[in-house]
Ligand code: CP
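Just the one chain here, laid out as structure tokens, in the form predicted alone.
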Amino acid sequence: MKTNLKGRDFISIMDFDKEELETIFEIAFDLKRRHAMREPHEILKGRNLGMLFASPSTRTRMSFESGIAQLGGKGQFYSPEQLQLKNKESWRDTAEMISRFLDGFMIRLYNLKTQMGTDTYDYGDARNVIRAIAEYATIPVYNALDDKEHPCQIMADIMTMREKFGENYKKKKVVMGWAYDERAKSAGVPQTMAVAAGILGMDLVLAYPDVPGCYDIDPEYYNYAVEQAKINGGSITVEHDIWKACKDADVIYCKSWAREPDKHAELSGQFKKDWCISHKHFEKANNNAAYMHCLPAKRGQEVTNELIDDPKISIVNDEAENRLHVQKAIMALTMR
């Protein structure tokens, strides 16, 4: 185990190696067990976590706020309108101040144009802001969603796969697929899943419609994932037919994303029928296969009600709960 993570930021999965990710999982499982037994684990007693939400959240806010409390610390919630960011204070000045008052800082920053009132928005701007904050802050900075990744979510997802399948989870066929939704969303989840799968040596199928440039994940993430998979004994493949992708699958994890909103709006309707995940897809999968989604899911578009509510197949609430435990592990290792 690599436990020397004190002071580290958690911004990108690519910042961590295989052993470090495995350490986070081990601590997460230990903290989950201790929480279940009501054993005190106030590892961060007296610590304060700042939480800046520039986009809406249910699971992220609840899990971080509950998590720091269970570790003995306190969480402070802010929106940009409550800080001097509203009056265009620089991110550097903000970062230098949070380091004087806090012990850790979580930021959820997605779609700067809408949430932060900027005139323009380019892919990667939110990541650049988080990196800038981390550069000038002297406390750990945690990425709770940006326009490139959703690292805490994917750590919880993989923790859930380990719970269901044991240490053999790396040899299970995981389908990280696109699902229909009229709204264009970030590709952060599949991009993060790809690199995590590569680092950990998992077998991952990326499934999405064949619309060049629209649903392909960022080449930076795809190329990194493929290279890591070669090193670590895993595989990253691409399939454009969801029915073929689901054949012999052990996990079908599908959500909507689009890198080109205009093209998505024009063309996505033709995929609505096949790419709304249902029990029919699981007829192609292995017995005991699981349905996963990071939530919130667009019922009737991304997934049928019958499937997401099926307790024998759907483990979406298990993976949502594991946000709490894996984030506690990240905070405990880095903020102590």
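Note that residue numbering follows the sequence shown and begins at 1. Everything numeric in this text was worked out from a predicted model, so none of it was measured.
Not pictured, yet referred to below: the form predicted in complex with the named molecule.
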Of the residues N48, S66, T60, S278, which one places a heavy atom within 4.5 Å of the named molecule in the predicted bound form?
-> T60
Selected contact from S256, T160, Q153, Q228, since only one has a non-hydrogen atom within 4.5 angstroms of the named molecule in the predicted bound form = Q153
Whether R108, C294 and R323 all lie within 4.5 angstroms of the named molecule in the predicted bound form by heavy atom = yes
Contact test in the predicted bound form: P56 vs the named molecule, heavy atoms, 4.5 Å | yes
Contact stretch among 295-303, 27-35, 265-273, 278-286 - heavy atom within 4.5 Å of the named molecule in the predicted bound form = 295-303
